[in-house]
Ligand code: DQQ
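Given as structure tokens, the chain that follows is alone and in the form predicted alone.
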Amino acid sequence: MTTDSPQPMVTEARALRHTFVANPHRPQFHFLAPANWLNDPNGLIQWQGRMHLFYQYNPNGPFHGSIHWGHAISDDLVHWQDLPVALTPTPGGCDSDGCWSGSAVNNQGTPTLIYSGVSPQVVCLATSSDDLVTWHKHPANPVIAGPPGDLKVASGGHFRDPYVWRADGQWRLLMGSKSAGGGGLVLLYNSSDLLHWEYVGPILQGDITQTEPIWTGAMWECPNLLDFGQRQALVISTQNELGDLLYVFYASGRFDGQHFVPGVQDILVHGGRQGCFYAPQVTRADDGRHLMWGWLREERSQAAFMEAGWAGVMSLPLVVSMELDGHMCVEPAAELAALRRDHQHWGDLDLPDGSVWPLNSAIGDSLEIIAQFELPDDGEFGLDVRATPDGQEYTRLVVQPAEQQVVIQRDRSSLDPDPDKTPCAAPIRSTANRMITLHIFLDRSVLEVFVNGGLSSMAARIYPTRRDSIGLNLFSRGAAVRLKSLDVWRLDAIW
């Protein structure tokens, strides 16, 4: 329970943020903790018109341990105000080893958090009586004391990340779990009061031997159920047998209240070898949109972020929708346009084969870029961001028409050998009009890309070493290409 008044903590958070202003890799328009460690977004809820974002937070350093719930609020999804830490592990309690991920709900006017306590992994409740500032843990905790009996052994105790909603007059809860040697599980519970829960069973089970259309891994975390009317979608974060964090996938299909019948399965946001986008949470906003934030993991060594003093960033605020064919679409929230400054536009330019065109008037490390190209049949083309004038350091965003994919090439992103430099690739989903649109957000060490209106999306981390890595270039090789339009904005910081 948090008992201190908010203002001193808010002032302290502001001072902490100020100490990192000059850090060349610290994002400026993505949400991140004042300092130290951040991972999963939690407890997304719009309360009296304001969006509340809770998040996994270690106040003791930039490493995973002693997990608390950090807390921030926003009136516009873009600018945030820090609030006091919401949940702190209770020594000797059922969350003594950490307050892990979970949900927030409105229980007849009482804001309620439902979260994972560890160790062992159990489900706990906390409530607030002062508009979500301070929280009181329920004396009945844990309200679910671990995996169901038939999974106590097979799950290895992996039982976490409650996702809670209300339907047909009762509360429903999903848990992430696994069956050793079998695959991931999403488990369903029902309750009338959030305190007493009845286990219904698994609504979906993975198959560790299945590799097509994607491999769904060995352990499932952070399940989200999204309702689009005729179809529903499960969004799941997956791990391998060793517990390595892999990526986020979705299954669209139909949920009948007890079972989920999947249809389309695919990666939600593409990344590198394992992907930096992980553990997203989705909430239904007052205006009906499905809003999502995800954790963008560091892709440099722990020694590097220990030295930096911070680790982990939230994705942009994202809007999730479903196409008629069952594929998911991920787009940046329109509210981000409020950050735009210094607009520049180019149109109807022909890039000859082998050309490199520096955009010297559009340099920067915090940019929004919208580029539309006509697709040739072969060759490749795109943009270089965070480029040095001498070409020693740059990150290349490459469109490859023949392969029907967009690739973030990171082999020259940093002269430092420490960060992950594996390429990130995403498919081009629609080329019916022979056009491709790239919507790019560059924020120092963060790169988020949305292809053709979010039909594909990708996220990556980059860590340039040189201060003059702020150039922006167009390029083409193997074929000439026509640039229909290019818009570039400098984006303001959100703090």
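Because the structure is predicted, anything quoted here is derived from the model rather than measured. Start at 1 with the first residue shown and count on from there.
There is another form of the same protein, the form predicted in complex with this ligand; it is not shown, and what comes next is about it.
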Can you tell me whether N39 touches this ligand? I mean in the predicted bound form, with a 4.5 angstroms heavy atom cut-off. yes
Touches this ligand in the predicted bound form: Q281 (any heavy atom, 4.5 Å): no
Heavy atom to heavy atom, is L442 within 4.5 Å of this ligand in the predicted bound form? no
Decide whether S101 counts as a contact residue for this ligand in the predicted bound form under a heavy atom distance cut-off of 4.5 Å. yes
Of F373, W295, W135, W310, the only residue with a heavy atom within 4.5 Å of this ligand in the predicted bound form is W295
Which pick from D161, D384, E299, D95 sits with a heavy atom within 4.5 Å of this ligand in the predicted bound form? D161
Heavy atoms within 4.5 Å of this ligand in the predicted bound form: which stretch in 188 to 196, 411 to 419, 273 to 281, 327 to 335 meets that? 273 to 281
Within 48 to 67, the residues having any heavy atom within 4.5 Å of this ligand in the predicted bound form are Q56, H64, I67
